[in-house]
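Presented below, as structure tokens, is a lone chain in the form predicted alone.
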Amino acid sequence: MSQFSSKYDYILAGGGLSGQMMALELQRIASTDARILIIDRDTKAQNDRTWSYWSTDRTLSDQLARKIWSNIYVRKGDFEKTMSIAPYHYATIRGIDFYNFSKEKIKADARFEWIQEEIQSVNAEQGVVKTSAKSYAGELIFKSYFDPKEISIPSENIMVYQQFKGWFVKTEEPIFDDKTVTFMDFTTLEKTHETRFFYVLPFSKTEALVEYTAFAETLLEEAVFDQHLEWYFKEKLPATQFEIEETEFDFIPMTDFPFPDNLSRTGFGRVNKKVVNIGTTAAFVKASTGYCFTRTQEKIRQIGKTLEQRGKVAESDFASPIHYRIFDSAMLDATGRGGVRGDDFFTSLFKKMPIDFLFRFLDEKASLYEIIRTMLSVPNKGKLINSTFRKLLKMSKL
């Protein structure tokens, strides 16, 4: 092994959300003499994103959340509803706060080493990560970085970008209800077949993240988001004076593409030889909504549990149930390509479904019967059902 600088028990190829969550899990289960390497091109020393999620578990929220809410608000046309989400809470965590929390724990653990280098490739057969500087060998590699250039999405699969721009603002006047998240406000500047909405996280009566979100098959220019945010403040928020303290502009890939690999006979390619894919390329981002924080946490725990019990990981240990994969794909197809209007679809769920069921449904904890009942309750259900049957037929051929 002289060609490699060192041999590690575990290598984390990527140090973002899933990579650092996996590091914390390995800290719990790895042997006392294990050697664990984290490789990322970035030091994760700046705030690059904000994660929001609903949960009944307050453990991480109480430590890291910038704010926790108990109510959400939804609006479309003449429909508007403020609702309690008990027994859930809604929380937001700044990326930098999570990174600092995780890195502090890792720094104090002699088993870990962090290297800042650009990853060029991961070899699943040999268990080797090649960077711009060296090659590193590992018994097991967790690949968490996502490079869109590596992936070519076939036409039969859906790729929708959840693109968003947010302004962190401070107003002179107390205009925000700091106990309620504006979860989806479909009152937008222009009508489109795409799912577009405003989203407001009020940190106080004068401070908030106000965000414009678009689900689209092609990325939009940043100026489009600024135009809509300016309109929203002028027409929908009674703010005469406000200061933009910070901005965020990013996108989340939402896809039913199974990320195949030539080493995988199943076509899913999430566990190959010495590599376990985690994060975006292992479908940790829920295809139909783009939420990933709690989902990543749960799937990492499943991987850690099976690794601890059996010493190896199989895709079935953390893959979503097949009926949810089919429904997610159908829902993305129907709403992402305009067959079912996204604002009508999501609003109908809030109108008809109890909030505890809705969150269980989105968390993949509802029964198959409940999923079918949900499908039959939404507008243009025929298009959604048709899309579901097409996806079911496709999956049966894998």
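One rule holds for the numbers: they count along the sequence shown, beginning at 1. From a predicted model like this one, the values you see are computed outputs, not experimental measurements.
Not pictured, yet referred to below: the form predicted in complex with a small molecule.
- Taking a 4.5 Å heavy atom cutoff to the small molecule in the model of the complex, the contact residue among 106, 292, 74, 254 is 292.
- Of the residues given (146, 233, 168, 242), 146 alone sits with a heavy atom within 4.5 Å of the small molecule in the model of the complex.
- Contact check for residue 40: a heavy atom falls within 4.5 Å of the small molecule in the model of the complex.
- Taking the partner from the other structure, the small molecule in the model of the complex has no heavy atom within 4.5 Å of any heavy atom of residue 304.
- Among residues of the shown chain, residue 202 is not one whose heavy atoms approach the small molecule to within 4.5 Å in the model of the complex.
- Of the heavy atoms in residue 324, none are within 4.5 Å of the small molecule in the model of the complex.
- Looking at 244-252, 189-197, 306-314, 174-182, the stretch with residues near the small molecule in the model of the complex, meaning non-hydrogen atoms within 4.5 angstroms, turns out to be 244-252.
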